[in-house]
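Have a look below at one chain only, the form predicted on its own, in structure tokens format.
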Amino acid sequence: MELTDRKKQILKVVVEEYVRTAEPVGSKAIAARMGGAVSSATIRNELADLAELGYLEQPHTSAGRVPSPRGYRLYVNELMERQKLSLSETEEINQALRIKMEELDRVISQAGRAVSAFVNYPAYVTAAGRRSAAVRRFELLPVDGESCIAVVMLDHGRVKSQLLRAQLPVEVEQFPVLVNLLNSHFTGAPAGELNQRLMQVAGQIPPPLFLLLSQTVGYACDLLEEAGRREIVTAGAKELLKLPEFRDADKAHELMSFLTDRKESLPMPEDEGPMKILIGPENVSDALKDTSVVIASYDIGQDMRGLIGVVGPTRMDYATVAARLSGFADALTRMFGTHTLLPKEEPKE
């Protein structure tokens, strides 16, 4: 059954009043919001219809109504007014993200704290490659007769290095031979193939070179496995304690534990859409059944993408959270792509 415009208007008022007050919404409050254009009696009838259709719930017999997950979904899809960030909000995001772009894990950690502080809900930030990582180039820098520095550049641009101690002495003149072998046989391949390639060249070089080659390839395998893991940072779990929905200590503790101990189970949409909103039971994890999750994606470049998510009550101000999260995602994409921040919108006259 398609809802009439009046039913939609009343549902919109119920959602927005409940978001604002965290209290069930009655017909008098709705009538006041609608400027007296509709009588309380008519509103009560419409509320009853909306409840029967599954868009509203009534916590107690004499109480007002609260939105159901289905009601929130209709609100998000059709009734929510899209917001734009104000000039001051844009500047606040830029200030929060004005950090050096040297290490991805430090960036997403900073972004997670900034998002949580900005929206006053717990937040999480992830970064992962869209495909398997591989080595782009190797370098070996001799330190002395017994050690060298292995430098490994991955194909998404990250460079890592480690001091390796040779098990057998290697002459300095042999290092270019080893570097050439590494770059001709061990670049462009996923971690699973490197050991197989190592065995193929085992009989072609002297034992001292093979031992150092094996150490370097082993280090590269560790880096590729690390690069393939999704980095997840959570922040602001304590924000739950400020919400009336989580006054119950056990309920708050359960969700806070999920955010810290089981963060790998947080929603991680694989599609490339810029924004996704999961309401109540739409979340797969039982710990999130009474919450909503808003997720925005951003581009890191070099074939990598990230996600920013906010976890809050179903009584969430979806329009504001979506606008702010989108602002953060745009800012991160700009930072990784062009090292610039969000453009400031000129204030309207």
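Computed from a prediction, not measured in an experiment: that's the story for all the values here. Numbers for residues come from their place in the sequence shown, where the first is 1.
Another form exists, predicted in complex with the DNA; not displayed. Remarks below refer to it.
Visitor: Closest heavy atom of G64 to the DNA in the predicted complex, within 4.5 Å or not?
Guide: G64: contacts the DNA in the predicted complex.
Visitor: Indicate whether the DNA has at least one heavy atom within 4.5 Å of a heavy atom of L47 in the predicted complex.
Guide: Contact check for L47: yes, within 4.5 Å of the DNA in the predicted complex.
Visitor: Could you tell me if P313 has a non-hydrogen atom within 4.5 Å of the DNA in the predicted complex?
Guide: No, P313 sits far enough from the DNA in the predicted complex that none of its heavy atoms falls within 4.5 Å.
Visitor: State yes or no: in the predicted complex, is some non-hydrogen atom of A41 no more than 4.5 angstroms from a non-hydrogen atom of the DNA?
Guide: Result yes; A41 sits at the interface with the DNA in the predicted complex.
Visitor: Just to confirm the contact call: exactly one of 277-285, 25-33, 305-313, 290-298 touches the DNA in the predicted complex at a 4.5 Å heavy atom cutoff, so which is it?
Guide: Every other range fails; the passing one is 25-33.
Visitor: Sequence order please: the residues of 6-21 with a heavy atom within 4.5 Å of the DNA in the predicted complex.
Guide: Sequence-ordered list has one entry, R6.
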